[in-house]
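One chain comes next, on its own, written as structure tokens: the form predicted on its own.
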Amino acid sequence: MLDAVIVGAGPSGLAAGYEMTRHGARVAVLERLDRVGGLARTMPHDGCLFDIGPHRFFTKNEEVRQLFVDIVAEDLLRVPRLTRIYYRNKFFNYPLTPLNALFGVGVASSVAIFLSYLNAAARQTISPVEPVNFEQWVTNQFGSRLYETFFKTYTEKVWGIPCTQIGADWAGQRIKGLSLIAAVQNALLNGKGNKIKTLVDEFLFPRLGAGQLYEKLAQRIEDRGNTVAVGRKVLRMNREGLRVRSVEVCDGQGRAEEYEGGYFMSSAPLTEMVEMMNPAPPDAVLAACRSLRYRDHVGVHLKVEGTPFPDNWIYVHDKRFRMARIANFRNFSHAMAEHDGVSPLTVEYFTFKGDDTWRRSDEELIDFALGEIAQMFVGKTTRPISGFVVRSEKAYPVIELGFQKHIDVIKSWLDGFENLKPIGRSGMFKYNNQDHAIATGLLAARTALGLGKYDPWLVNIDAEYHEAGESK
């Protein structure tokens, strides 16, 4: 019997496997896809390398940072961050800078934005109101005009629901510490002093794509005599009371396999993990599970001639375009492009499975993305060479109003298990980054190893972690 069975070979699962095997444990890491890395995997195509989407690595957690540095080793790059916002045929610096915004939206609109901010600040000073949803939170911080201009369209494009249905907690997590005044101060002081996390202007990156970190982690696990098995879909998680005994999987040829273990960790979508329990969970837990939603993702990956833009990636806030973001991985690492004359681009669309974008054929999606690129970069010669499409189900947990009460029901039941920890973004239904996911895997592994009772749920989205000691 294995010491641990880990479902999912993404950031959290591989971090857990690495930590377990570093202490001599025997583990198996099971991955449904044909490559490791999850949403951070890197895929080769026609001489280029493509990530599912842009994955910069930045963290305030020194342990996680050192792990990244040690594993990536000689392939580590420090990449200057250049990201911009595309809105109404203009490119705006991200973060916004006063002169760029002034000339981009015009003097009258800039004055209106600033007055709107002052009005919001005055209202909050005179009669402070705790924001309930994303719209209220951003309006309190930036004013209604800037919210309408630079936040509303993009956010609703990504999540597929009105900003009034998105929880305020998500805004606080993703735009932590940033306000209009803070952005102006950062620009005027040229970034001196403490950096707001949204404004980080350099990040670490593996030379051969984000997935190179996870390929190296998987290799370390295997070099220690353990198993990282791809193409393994978990069908059932067998339990006896509140103790998991085994998982049943199907390999790529349809053959059934069973893995028994002393401890289990899962980064599979939380809702799937609950549904695969045998015997089934209590009805209240199933009902809570079925009340949660994930957002799906479509990446259109294109090898094109030339370099259509200098950014690492661009946020597309313009409502005329269906794309939400476009990245050029040549601007992350030249090694990801076959040669200097081509660029590997990824155009991202956020969707719910079954809607118009999801149902389109790969050829239709490639043509559609090329059309949007031509419209956005008028006058740029960007001749397509080849392309492919990746559809990712349950890519992002939808943090809509009321979701936490459902999570609380599920978590309360799972907390009773003796040998099971959900980990990672999808596994914990927490919208977090690579470093947070890695941290959840490390903590779960240390609990499984008997090094302490660490709770991955306490990993703070801000990367100012709460897990310095054991959870009480």
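None of these values were measured; they are calculated from a predicted model. In case it trips you up, residue 1 is the first one in the sequence shown, and so on.
The next section is about a form of this same protein that is not shown, the form predicted in complex with a small molecule.
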Query raised in the report: So which of V27, C48, A437, A445 gets a non-hydrogen atom within 4.5 Å of the small molecule in the predicted complex?
Result: A437
Query raised in the report: Among V342, A395, I373, A120, which has any heavy atom within 4.5 Å of the small molecule in the predicted complex?
Result: A395
Query raised in the report: Among 263 to 271, 154 to 162, 131 to 139, 334 to 342, which stretch sits within 4.5 Å of the small molecule in the predicted complex, heavy atoms only?
Result: 263 to 271
Query raised in the report: So in the predicted complex, does any heavy atom of A9 sit within 4.5 Å of the small molecule?
Result: yes
Query raised in the report: Does D169 make contact with the small molecule in the predicted complex, using a 4.5 Å heavy atom cut-off?
Result: no
Query raised in the report: Would L33 show up as a contact with the small molecule in the predicted complex if we use heavy atoms at 4.5 Å?
Result: yes
Query raised in the report: Could you tell me if R56 has a non-hydrogen atom within 4.5 Å of the small molecule in the predicted complex?
Result: yes
